[in-house]
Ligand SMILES: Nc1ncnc2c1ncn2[C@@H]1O[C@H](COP(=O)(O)OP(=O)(O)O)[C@@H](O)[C@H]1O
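This document starts with one chain, in the form predicted alone, laid out as structure tokens.
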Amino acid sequence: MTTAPLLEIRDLRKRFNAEAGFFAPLGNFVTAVNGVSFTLNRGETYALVGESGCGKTTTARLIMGMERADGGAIIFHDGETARDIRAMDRRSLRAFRERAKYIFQDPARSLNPRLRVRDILLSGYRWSAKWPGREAALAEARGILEETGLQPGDLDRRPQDFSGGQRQRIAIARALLMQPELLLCDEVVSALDVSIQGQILNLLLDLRKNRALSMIFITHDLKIACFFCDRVGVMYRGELMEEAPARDLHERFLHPYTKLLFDSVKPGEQSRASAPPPRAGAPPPDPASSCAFLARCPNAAERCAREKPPLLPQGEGRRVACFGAGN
């Protein structure tokens, strides 16, 4: 793995109207991503970890241009040049999406049940500038299926003929067909049995090594992130709370929310990260002027209600947004 950056996320922001529908009034917003910044290096796997609703999937969708960011920059490094994805025209964005592929959480929903596997794999490829012709593309598709643990004859089958783990392999094969540099994996193992999770993770590890892929890996399971990834960014309420090398974060964490996530998956314990009660008498945090984790933090001080802790370096490749992290 090199230290050359592939993707830089700078102060990324996104909010949505709190009420849905064509006639919904404007003005009541929910902040999904609030000033997120991190760098993905070439050949690296970076995890975004947090509870449901913390903004990790929205961050990935903003990177792909599936949602329009309200602020910040998404810088893609291509050799000696660097371009902001937010400023790309349609042609440039289409070219970027051939080099960066999104793998969705639920393959049963992302794979069209009416299409055969050959059409699922080739439907987007045939509109690409890399299209080599139908026969060559079919040969590539057969090779990709074998690489992902399926059979060339599976091209003639439909998604309902496969198990959940096999469907996820098809989704991975579709993403790989255009030889991308970057994969965004959105909870790709969360809907699978534990034994199948290990198989998919091992497949992705092999693909990353053999194809020199960079990955953004989205998960709610901090232990999977520490096993699979090089670096981990822990998100809460649209903000990064802590960032650290995965091998170090598993041994030592500095933010109380990171500790909560680790504790919530201890065997035999009920998850406390899903819905722990706020501190008694704690006011709702103001995202502009206080710590986002204020209402749930067991170590909160008066300063945490008056100031927003910045995400600052703490040595050893770590960044932490907590006033008590250095104590």
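Everything quoted here is computed from the prediction, not taken from an experiment. In case it trips you up, residue 1 is the first one in the sequence shown, and so on.
Just so it is clear, the following notes concern the form predicted in complex with the named molecule, a form of the same protein that is not shown.
In terms of contact with the named molecule in the model of the complex, the residue from C291, I63, A47, C54 that brings a heavy atom within 4.5 Å is C54. Residue A32 is the only one of L40, A32, A69, L260 with a heavy atom lying within 4.5 Å of the named molecule in the model of the complex. Taking non-hydrogen atoms only, T58 approaches the named molecule to within 4.5 angstroms in the model of the complex.
The named molecule is not drawn, but in the model of the complex it has no heavy atom within 4.5 Å of Q314.
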